[in-house]
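Shown here is one chain on its own, the form predicted on its own, set out as structure tokens.
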């Protein structure tokens, strides 16, 4: 009871732009739906029967990989404030030329290297415990469980389960006749359904939604200053109706070619990334960001096949807030 009173008190502080907790009051939650110890949320919808049916989407056997290159000399697209991966050689032919190589029986030479990176600095899965409000993460775990590493709802649980299901590409950029959506351009679940219909496909329950905006493709075509100036990504915008639709459709996973899956600043509420709480924290929908969708989209436009088998498994980072992934689409 006192907990609720505390929340009411918090809500009185700011009447101009609502807190995310006030914005999401009454919004559906799946906490406890899969038991008190669940850490993978809506991925539970991807049952063996759903996976077996998804395999039926394969027609030609064409494959596409969706990760952007890491430690790319051209730069890595990352959230403002993060830096791209850095790869460093620690052994190569130069060491052997200089007489500093490690000699082995038989005389084989080798190269070795290591890399430092933000775990969310490439195409990646968010852990369900990555973002929260009101002191609780996914499934109601205490936010203090994130201190020093995610003891609950880390990306490792997602990595151990793996993500396999029917994917559907929703090419919003092509649907709107653009190479790339505009800064801050928004769309809703109604737009996603209209896009699917135009493509000759239908979003079905348990589908993994791959939403293309052209945004990551833009990163490689413009200067870094152009990409990050007035940085508000295009994407889904929050509404209670949209959240209810995700809940009714039992969507397990959203995959986008943006860095944060949703419009950066919600134009209605003024909140930053409210869907991270409404969908990921509350419903357990996994978010996959910075996906490379341009090659897949071009092929889908060419052959008219917008549904396929989607397979992904992020790295098993213990206590991680996220982890790099190279998803595979099989058409």
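Numbering follows the first chain given and starts at 1. Since the structure is predicted, the reported quantities are computational estimates derived from the model, not experimental observations.
Absent from the display: the form predicted in complex with ligand UVW. The rest refers to it.
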| query | finding |
| --- | --- |
| Among the candidates 194, 260, 242, 91, the residue which, in the model of the complex, approaches ligand UVW to within 4.5 Å (heavy atoms) | 260 |
| Heavy atom within 4.5 Å of ligand UVW in the model of the complex - residue from 283, 46, 273, 40 | 273 |
| Distance check, residue 126 to ligand UVW in the model of the complex, heavy atom within 4.5 Å | yes |
| Interface membership of residue 130, ligand UVW in the model of the complex, 4.5 Å heavy atom rule | yes |
| Residue 82, heavy atom within 4.5 angstroms of ligand UVW in the model of the complex | yes |
| 4.5 Å heavy atom contact, residue 120 and ligand UVW in the model of the complex | yes |
| Region of this chain that lies against ligand UVW in the model of the complex, out of 31-39, 273-281, 294-302, 57-65 [heavy atom, 4.5 Å] | 273-281 |
| Stretch 282-315 - residues with a heavy atom within 4.5 Å of ligand UVW in the model of the complex | 289 |
